[in-house]
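Next comes just one chain, in structure tokens: the form predicted alone.
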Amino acid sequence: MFAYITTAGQMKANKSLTVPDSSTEEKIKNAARRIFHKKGFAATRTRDIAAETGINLALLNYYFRSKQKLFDIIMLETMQGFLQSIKGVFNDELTSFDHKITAIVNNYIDLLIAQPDIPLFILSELKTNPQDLLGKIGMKDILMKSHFLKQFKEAVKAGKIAPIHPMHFIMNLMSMAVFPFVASPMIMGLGELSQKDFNELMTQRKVLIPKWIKALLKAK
């Protein structure tokens, strides 16, 4: 009987070591996300992630094998989250082109106020292998096959907006919403702004940017 209990206990212990715990895995990913977003891939050590999670390095390696594998997961999820905030807006056939401009700006600014480290993280890491990552997240399909772009082309054809290349429009829209977060240390320094002051300015831009974009697009 005692032998059976010992064997059963060993089996339970062995099982706990070989079956991944989803809660631990999620804790590791959350800690890795925070550190990667702040430091990037090169400056992050797996020891930093283990310490942030509150586990030993061996356990982290058991779940994710390598820093590269963990980083790839975090990078992909970050990009997907960044795009997911506008995917629904892009393909909503019930809303107007003007409404979509406002919704896209609002979504981006709300996301970046909550997670201000995302822009620099994406920009610094995206340059290493852009085509592979863009292919994995389907960014080209999300944008170039969207109802939003169809509305843009129809408005140009109807003479409602200026006949410009759609990428000019996309670059203007994204840079107005995203660039201030990239340059936030400089902007806050120049304006002697607290984080609260900066966030209030960005909230004001949720109203201002759509007005500026629509003025730029207006057909002459």
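Start at 1 with the first residue shown and count on from there. Nothing here was measured: the structure is a model prediction, and the numbers come from that model.
Another form, the form predicted in complex with a further copy of the same chain, is not on view; read the next lines as being about it.
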Counting any non-hydrogen atom inside 4.5 Å, which residue from L60, V178, V156, A31 sits next to a further copy of the same chain in the model of the complex? V178
Can you pick the stretch from 50-58, 22-30, 148-156, 37-45 whose heavy atoms fall within 4.5 Å of a further copy of the same chain in the model of the complex? 37-45
Is the gap between S124 and a further copy of the same chain in the model of the complex 4.5 Å or less for some heavy atom pair? yes
Although the partner isn't part of this model, could you tell me whether R65 comes within 4.5 Å of a further copy of the same chain in the model of the complex, counting any heavy atom of the residue? no
Verify the contact flag for K69: yes if a non-hydrogen atom of it lies within 4.5 Å of a non-hydrogen atom of a further copy of the same chain in the model of the complex, no if not. no
Taking heavy atoms only, is D98 within 4.5 angstroms of a further copy of the same chain in the model of the complex? no
Counting only heavy atoms, which residues in 165-203 are within 4.5 Å of a further copy of the same chain in the model of the complex? H165, M167, H168, M171, N172, M174, S175, M176, V178, F179, P180, V182, A183, P185, M186, I187, G189, L190, G191, E192, L193, L201, M202
